[in-house]
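A lone chain, given as structure tokens: the form predicted alone.
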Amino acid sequence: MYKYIIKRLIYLIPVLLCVTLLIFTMLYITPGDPARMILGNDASDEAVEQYREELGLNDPFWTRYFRYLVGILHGDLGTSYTTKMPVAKEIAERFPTTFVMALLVTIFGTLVGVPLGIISAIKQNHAVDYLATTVGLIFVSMPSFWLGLMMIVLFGVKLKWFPTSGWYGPQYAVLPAVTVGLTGIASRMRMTRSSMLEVIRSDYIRTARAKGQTEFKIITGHALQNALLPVVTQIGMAFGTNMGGMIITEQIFAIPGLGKMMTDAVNQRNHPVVQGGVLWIAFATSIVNLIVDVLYAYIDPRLKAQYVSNKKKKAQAPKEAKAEGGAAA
């Protein structure tokens, strides 16, 4: 297991290199002059050209790219054009907000969506199943920006239960977390339902029922454990995506997270912030995927047995070779 984790971390290096090259190339060919955006339309051409020289924007592509790579190796993601702050510091300030939001959304969607999916699968073709499926389809199809605006109008403006913008306490996380979490509930419920339906039709489930085991034990002890793999995959992907910032939600609720930082940076042609943000998102998503892969071995007994058997085979191989050598002698 440790060798697998180390190998995956090593594979992460070329992935991040490709990400840096891709985003650097896209920003290089994207129309728009960062110097002109910063100085404004009233600035003279001489002032803009001088500022471009200061930022190094007149250097050739490969010179700028390799200078950027060298900075990354030294822990420097560049300096923001607008705030003059190190990009790494800006990401470090914004990331805790985004992480808390992603965690709340994931927990909310999982704690509600997974049980609903299990109940819907157990009660297939009943009223509960039809109701849960219909509600899930509605929330999956509903645009998050529209849902967020409706949440603001209803719970913020009319009822005045929660604040509608900013990030100054736990109460400010309720509306955005529910907005994104409702979509997560629907997705998790549908995935859990389809996975559970496939598992509960298996032969070993029928065998467990024939042995007289209770339905609760069959569902929790046999079916759920084997049905969790695709659900865990979806949870991990959703969490990794949300770690990159919920761009639309953060804009609607004015949350100072990575998503809003990235959106503002794109509008301002703030290339270092965009590059640093994309690189961090790729890194965080890769780490989350690695954690999900490791969790597989603890959720599915078959994968755990496979790791154990491979380890035993490697341990027995030298002994068998030694025994064969002795017999040949």
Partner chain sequence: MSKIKSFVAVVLALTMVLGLAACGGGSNGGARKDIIMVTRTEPSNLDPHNNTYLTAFMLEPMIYDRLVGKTQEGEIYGILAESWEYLDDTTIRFKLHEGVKFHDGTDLTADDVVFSIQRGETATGSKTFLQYFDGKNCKAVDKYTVDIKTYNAFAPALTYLASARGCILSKAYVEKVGDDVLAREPMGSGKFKFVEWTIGDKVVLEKNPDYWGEEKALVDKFTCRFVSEDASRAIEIQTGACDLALYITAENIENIEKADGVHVETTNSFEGHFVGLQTSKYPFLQDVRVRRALAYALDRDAIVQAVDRGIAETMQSHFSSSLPYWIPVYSYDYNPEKAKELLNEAGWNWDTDIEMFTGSAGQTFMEAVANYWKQIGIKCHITVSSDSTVTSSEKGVPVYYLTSNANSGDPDHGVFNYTSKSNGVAVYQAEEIDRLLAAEKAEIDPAKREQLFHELQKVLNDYCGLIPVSTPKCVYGVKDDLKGFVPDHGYTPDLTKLHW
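Everything quoted here is computed from the prediction, not taken from an experiment. Numbering follows the first chain given and starts at 1.
We do not show the form predicted together with its partner chain, though everything after this point is about it.
Note on contacts: among Met85, Leu103, Met142, Met237, the single residue with a heavy atom within 4.5 Å of its partner chain in the predicted bound form is Met85.
Taking Val232, Leu111, Ile72, Leu137 one by one, only a single residue has any non-hydrogen atom within 4.5 Å of its partner chain in the predicted bound form, and it is Leu111.
Highlighted residues Asp76, Leu197 and Gly277: none comes within 4.5 Å of its partner chain in the predicted bound form, counting any heavy atom. By the criterion of a heavy atom within 4.5 Å, Arg36 is counted among the residues contacting its partner chain in the predicted bound form. Contact check for Val157: a heavy atom falls within 4.5 Å of its partner chain in the predicted bound form. Contact annotation: Thr263 falls outside 4.5 Å of its partner chain in the predicted bound form, judged by heavy atom distances.
Using a 4.5 angstroms limit between non-hydrogen atoms, Arg94 touches its partner chain in the predicted bound form. Taking a 4.5 Å heavy atom cutoff to its partner chain in the predicted bound form, the contacting residues in 163-198 are Thr164, Ser165, Gly166, Tyr168, Gln171.
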